[in-house]
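Shown next as structure tokens: one chain only, the form predicted alone.
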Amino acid sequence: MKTGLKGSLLTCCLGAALGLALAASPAFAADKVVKIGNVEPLSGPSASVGVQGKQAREMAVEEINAAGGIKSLGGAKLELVYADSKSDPTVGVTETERLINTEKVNLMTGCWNSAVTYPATQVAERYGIPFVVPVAVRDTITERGFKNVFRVAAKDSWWVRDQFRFLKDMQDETGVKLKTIAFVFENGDWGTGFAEKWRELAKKDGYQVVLDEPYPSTATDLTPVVTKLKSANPDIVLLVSNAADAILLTNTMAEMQVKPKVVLASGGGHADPKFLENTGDTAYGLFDEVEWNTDVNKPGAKETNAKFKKKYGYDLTGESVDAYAAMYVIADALERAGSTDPAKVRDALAATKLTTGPAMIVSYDGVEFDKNGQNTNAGIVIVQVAKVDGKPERVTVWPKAARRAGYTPVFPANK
């Protein structure tokens, strides 16, 4: 009986040891997953951009898992868990709570809409769950002293900052000096917010403001605005426009022979594909500001865009590139953390210095977060509408490191 008991105990011990060995082996660990909760607008008015971000995440996660997953976690795979915010802040908060408490996700990402991201990140902060924000631009998302919120893309105020950096760099590069500036903008929150920051930076950089003109984007005739612009005769005009008014303004300026040396827009309506379809030759020389462009001169960008386009039927957008990069930022942090413990993942994210790898198709030089969780390297690209193969095309010109190879910007566009 004693001998039998010893034998049973030995068998049990051997079994337990074998179990522990199997649990520690890569083959066992490879069955583990790291769950990433994603709150995105998958229906409602912003559904198209939500789907674009979802597909970019999926392609990145497929690549990461195919390359062996998170090696420091024994090859653990990333698993995306989605919730539809419908662009509604209340829904976004509820879904963030559900993903954390019911789905037991290890990290969170989202939510594209700043109005949703702002309260959703507050929920994650309360639970101590790391939240990586690929896109949402509201400045204050990373200005509340939170420890678990990290934003990859540029924040709102940096869009204006980079417009003035572009103007300075191009004047330094070409030796052309520009002195006067005009502001023409739609009179909603977006346009008036940009104009407020323009005034500060124009004063700081020593420009003389010769026109400061808001207009309703629903206007069907912008001749009075363009008449004032012609009379002011600025070297530079900065624009914020929605879709229809961007087309109307550009075509009216051409009809009235208003030709500032530099016309610099702020995305929005000027970045809408219908803008070039409806302005044709009148848009040549115009500069516009975007997060990313398909011709950005970064290693792997062309190939990654081609892969995405083959898979989903359209080009990567700036916002989907940020979502794609965010998955690699998370994978890098998990690799260094060697754990799914939220505090350890949070510390690894805070120590991020990502400058190589597939994520670096972004237009800027890397991802490194400041004490507030904002990527200090995030930035914008400037494109110029140029004639390529007889057709208008948006060509990346700034920052210079990202400029399309072989292209020399026409600056000033009108001499």
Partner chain sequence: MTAVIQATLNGIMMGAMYGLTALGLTLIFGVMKVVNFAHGSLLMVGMFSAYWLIKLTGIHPYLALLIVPPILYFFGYSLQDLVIKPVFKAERQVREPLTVIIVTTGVWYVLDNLALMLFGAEYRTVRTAISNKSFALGQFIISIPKFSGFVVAVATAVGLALFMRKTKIGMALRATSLDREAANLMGIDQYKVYNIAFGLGTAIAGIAGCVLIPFYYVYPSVGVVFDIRAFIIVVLGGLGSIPGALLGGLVIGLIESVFSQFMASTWTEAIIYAIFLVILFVKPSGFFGNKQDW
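Residue numbers count along the first chain shown, from 1. What you see is a predicted model; the values in this text were computed from it and never measured.
Beyond the structure shown, there is the form predicted in complex with the partner chain, which is absent from this document and is the topic of what follows.
*Taking 4.5 Å between heavy atoms as the contact cutoff, choose which of 285, 214, 74, 193 touches the partner chain in the predicted bound form.*
Checking each option against the partner chain in the predicted bound form, the one that comes within 4.5 Å is 214.
*Just one of 94, 180, 187, 157 has a heavy atom within 4.5 Å of the partner chain in the predicted bound form. Which one?*
When the partner chain is considered in the predicted bound form, the option within 4.5 Å is 187.
*Hey, of 96 to 104, 110 to 118, 335 to 343, 272 to 280, which bit sits against the partner chain in the predicted bound form at 4.5 Å between non-hydrogen atoms?*
In short, 272 to 280.
_Test of understanding: in the predicted bound form, would residue 230 fall inside 4.5 Å of the partner chain by heavy atoms?_
Answer yes; at least one heavy atom of residue 230 falls within 4.5 Å of the partner chain in the predicted bound form.
*Could you tell me if residue 80 has a non-hydrogen atom within 4.5 Å of the partner chain in the predicted bound form?*
So residue 80 does not count as contacting the partner chain.
*asked:* So in the predicted bound form, is the partner chain close enough to residue 47 to count as touching (4.5 Å, heavy atoms)?
replied: Yes, residue 47 lies within 4.5 Å of the partner chain in the predicted bound form.
*Non-hydrogen atom contact residue 248 with the partner chain in the predicted bound form at 4.5 angstroms*: So residue 248 counts as contacting the partner chain.
*Kindly confirm or deny that 219, 224 and 257 each have some heavy atom within 4.5 angstroms of the partner chain in the predicted bound form.*
Yes, the whole candidate spot contacts the partner chain.
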